[in-house]
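Starting off, we have a lone chain in the form predicted on its own, written out as structure tokens.
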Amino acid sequence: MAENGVLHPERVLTLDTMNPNVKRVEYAVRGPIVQRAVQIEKELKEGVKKPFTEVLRANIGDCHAMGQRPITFLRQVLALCTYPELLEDNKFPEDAKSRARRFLAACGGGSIGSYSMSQGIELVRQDVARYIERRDGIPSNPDNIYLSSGASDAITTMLKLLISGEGATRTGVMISKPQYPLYSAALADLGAVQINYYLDESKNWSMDASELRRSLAEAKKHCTPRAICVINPGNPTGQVQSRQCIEDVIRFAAEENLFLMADEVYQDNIYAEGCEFNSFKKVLFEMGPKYSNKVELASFHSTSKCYMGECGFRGGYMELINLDPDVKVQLTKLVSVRLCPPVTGQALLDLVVNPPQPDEPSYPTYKKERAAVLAALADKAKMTEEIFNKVPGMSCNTVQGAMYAFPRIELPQKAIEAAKEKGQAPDMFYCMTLLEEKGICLVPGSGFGQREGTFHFRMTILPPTETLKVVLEKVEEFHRKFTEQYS
């Protein structure tokens, strides 16, 4: 093979010689649909005529990319930390300055550009522990807090610790279907066995203990189940699990001796009447020592979601309960290899867990901005559900929390056959056709997992209200036309 006029001998790294686990990794949120959307955007810039003038992306929970405004206080303190000379500027409120000075004093050399401890800055871990104590009414030990590059980093780190064995002893990890594809991708990368348990769509995507037992019994035939992962509030399904469901999962984990991983990054995103967020830690301890002294729990939170939406700063943490002390030593060793989480992300996380207080000058603006973001999301969640449920051949459960709707779509047999001819999943064919005809970028349900014979797509509710209305109208119009065309 010639490259730049030079012949190369056989390469060391090829598709045949590379790590086979990497080839098994799939991540639908940034998969073929999004890649095609990028191509279409380039075509539009080059003057190629389309039935639309722009691509409207509703495929990913990237708040600021969707138009959400940053919270003023968070950005003020980050600006001060990044450029301390601004501390002399009287345009910044005094509480923002005091937060910046406090954080910088905890950094090596007083600079946000220095490394931190691998587990994270102690000051921030202390503030995270106090935040958890206020939230749950249960003590939290800063030594059990590990800061991370977003929640994803912490989740994959814990999976690395859990996974071992070969053949029948290979580690199996229970994940929900539908699921956020980080989990399936990480398990494929690490060579673990993915154990699927299905959420109950007929009960607003709730968890069912009998389904957990069915899934586990089947998995024990070919692997060694060691962990169960739960996303609450749900992604992509937007449900908020009831306290009863959480108790059922904790009992199940205790009975089956499973490590419990609780992804709680949307904990402030609760919209539906009668729903509330209950952390797995809070419920675990309120169930008493029989469970709180036994169940090993890792819970995760992030600065990327909720009202902050600061995805790019990559801030997050995990709290560990009942972790073996010897394993904790190994965990600390493992995170030290990456040196430390981003210090800017740690600064942002500290502000999220320790926001302005009522007696501070920034509090009124902070409170107003936070409330406005969450109220707008609640309105958009309701609007999305209502519009989808008026479309023939489409049904959508209540968007109780998080940032997504996951409606079910009925597809004609001719559309299913057309998709098969193209070598695509039917809902992939549907979403790709929607993108080409309407310029709307969604993610097919097949990228998240779903029961055989059912079809869905995930759509974020993040776009500004007027933009979201346009997206919903275009999806409705397309669905009617698509159904008619293939009937």
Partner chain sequence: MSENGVTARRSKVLTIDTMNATVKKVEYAVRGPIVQRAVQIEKELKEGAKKPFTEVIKANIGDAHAMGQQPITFFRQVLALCSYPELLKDGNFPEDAKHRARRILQGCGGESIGAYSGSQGIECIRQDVARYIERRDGGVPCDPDNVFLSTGASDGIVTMLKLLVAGEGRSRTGIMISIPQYPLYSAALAELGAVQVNYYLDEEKCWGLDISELQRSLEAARQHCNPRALCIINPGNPTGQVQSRQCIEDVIRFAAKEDLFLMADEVYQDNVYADGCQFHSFKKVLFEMGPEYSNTVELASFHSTSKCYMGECGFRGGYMEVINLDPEVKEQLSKLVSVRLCPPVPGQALMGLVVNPPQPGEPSYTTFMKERTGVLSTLAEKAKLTEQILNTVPGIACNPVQGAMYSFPRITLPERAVKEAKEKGQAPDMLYCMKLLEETGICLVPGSGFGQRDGTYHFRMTILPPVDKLQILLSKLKEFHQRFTQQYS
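Numbering follows the first chain given and starts at 1. Fair warning: this is a prediction, and the values are worked out from it, not measured in the lab.
Another form exists, predicted together with its partner chain; not displayed. Remarks below refer to it.
**Q** Indicate whether the candidate residues Arg134, Met318 and Phe388 are all in contact with its partner chain in the predicted complex, with contact defined as any heavy atom within 4.5 Å.
**A** Zero of three within 4.5 Å in the predicted complex.
**Q** Could you tell me if Pro341 has a non-hydrogen atom within 4.5 Å of its partner chain in the predicted complex?
**A** Yes.
**Q** Can you check whether Thr467 is within 4.5 Å of its partner chain in the predicted complex, heavy atom basis?
**A** Heavy-atom contact with its partner chain at 4.5 Å: absent for Thr467.
**Q** Can you work out whether Ala129 and its partner chain are in contact in the predicted complex, taking contact to mean some heavy atom pair no more than 4.5 Å apart?
**A** Judged by the heavy-atom cut-off of 4.5 Å, Ala129 is well away from its partner chain in the predicted complex.
**Q** According to a 4.5 angstroms non-hydrogen atom cut-off, is Asp189 in contact with its partner chain in the predicted complex?
**A** Output for Asp189 is yes: heavy atoms within 4.5 Å of its partner chain.
**Q** Tell me, please, which stretch of 438-446, 63-71, 414-422, 47-55 lies within 4.5 angstroms of its partner chain in the predicted complex when heavy atoms are compared?
**A** Heavy atoms within 4.5 Å of its partner chain in the predicted complex occur in 63-71.
**Q** Just to be sure I understand the contacts: of Ile270, Cys396, Met117, Ala219, which is the one whose heavy atoms reach within 4.5 angstroms of its partner chain in the predicted complex?
**A** Checking each option against its partner chain in the predicted complex, the one that comes within 4.5 Å is Met117.
**Q** Give me the residue from Ala168, Ala372, Ile138, Val327 that has a heavy atom within 4.5 Å of its partner chain in the predicted complex.
**A** Residue within 4.5 Å of the partner: Val327.
**Q** For 135-165: residues with a non-hydrogen atom within 4.5 angstroms of its partner chain in the predicted complex?
**A** Heavy-atom contacts to its partner chain in the predicted complex: Ser149, Ser152, Asp153, Thr156, Met158, Lys160, Leu161, Leu162, Ile163, Ser164.
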